[in-house]
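Listed next as structure tokens is one chain, alone, in the form predicted alone.
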């Protein structure tokens, strides 16, 4: 099918050089949720912040788009910890949106893990979660109870990891060493290693690790830190923003503007300006130079240290060597599906479907990469945004949407990387169409009532991720969450280059709340003592 026209959902103000209203206290490169969080928090501390976003709409992976009368989100499939005001994520969202962002709960059975023909549900609430698993795996009660205890212990160890990100260099090293000694010994082992220390039941291990697509690494490769943070994040269920994912940027931008700042779209930053060894501003694609004493990059570490900084930037060799110790995260495809009927009539669930051929995650992934056309897809994730959002039927009457995510390595599409978006040719479209049909079959297998009812669909590839979000290889989660990644003490807000800070998911972890915490940490690092009351209020309540 031919490439559709761009979206009409546009959040933020279109950039023009004559619309700049400096001087600004800080420049933020990129309007992903980490950048927006930093900008809003700094605005509330009295700073005038300008955010530059190269895309036509703000929000990064939290943006939405509509096409052919349908609306989809590109990355916000569900959020945890939004059902109670005392959680860090909820407090932070309320802070940066002035309480304007509202949430709808998903079904109590928020994730359904399919292992071949079998399925087990993850159920909201620790007691219900444990009861469902114990009913499905009799004899594994101790392993399940110990697993939940481990999740709690990892959460207890996180303040030490977080504090190490913002303490001055002189004390951060000894503090991290002390925090590491006090942390449980399994903290940064691989997820599979930890789970196999609890049980030898591979099906139970597969169910516990069934959300591995939320960080992009199968359990033998991921750190137990990221597994535990994600699992605990959803332990009380999943939530969806009422009005769709674009409501995030829509409700945050006014807070940035309250401080005199602005969020500009179509605002492509090409260079970070360095003068006398420090960051002093940015150069835009139109040649305009914008100065500020603080430059905060939400563009990811590979873009920041590999593309945006000039060769004379101080410590550049140090950072480029450090980049050798981290890897880009998985790339994926997403099939956006539209149906001319309501979610209610179609019986679409408020439950996410995780579809696996069986419990051997690592083997399935490798066999698929070796022979993708003749091997079953190792992970298919299906989400139903129109069922989750109670406002959808009012905004798009008689319509329903579905999103299907699956692995899609950049190398599959690399041959078309130099072709313009929307004009990559028949071979590219044919390759997309073949995969789209396979994903639709996965949908029909689980929801046979949908066969013959699909009105519209389109497949997004890693090349789209690069075009819209500037992740060159389609790495939706920034950096791989391996044990080595969590040993990198340079992944923190304050860089060695005076005036330059990092924010977003590379600072802390992937996920909306992980990137937001990165934004909060950057605010604290930038503000020093002035930011400590904010940190205390967010982390302690």
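Positions refer to the first chain, counted from 1. Here the structure is a predicted model, which means the values were calculated and not measured.
In what follows, reference is made to the form predicted in complex with a small molecule, a form of this protein that is not presented.
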- prompt: Thinking of the small molecule in the model of the complex, which stretch from 40-48, 498-506, 64-72, 484-492 has heavy atoms inside 4.5 Å of it?
  reply: 498-506
message: Is residue 76 part of the interface with the small molecule in the model of the complex - any heavy atom within 4.5 Å?
response: yes
message: Under a 4.5 Å heavy atom criterion, is residue 298 part of the interface with the small molecule in the model of the complex?
response: yes
query: Do residue 231 and the small molecule share at least one heavy atom pair within 4.5 Å in the model of the complex?
result: no
- prompt: Would residue 469 count as touching the small molecule in the model of the complex under a 4.5 Å heavy atom rule?
  reply: yes
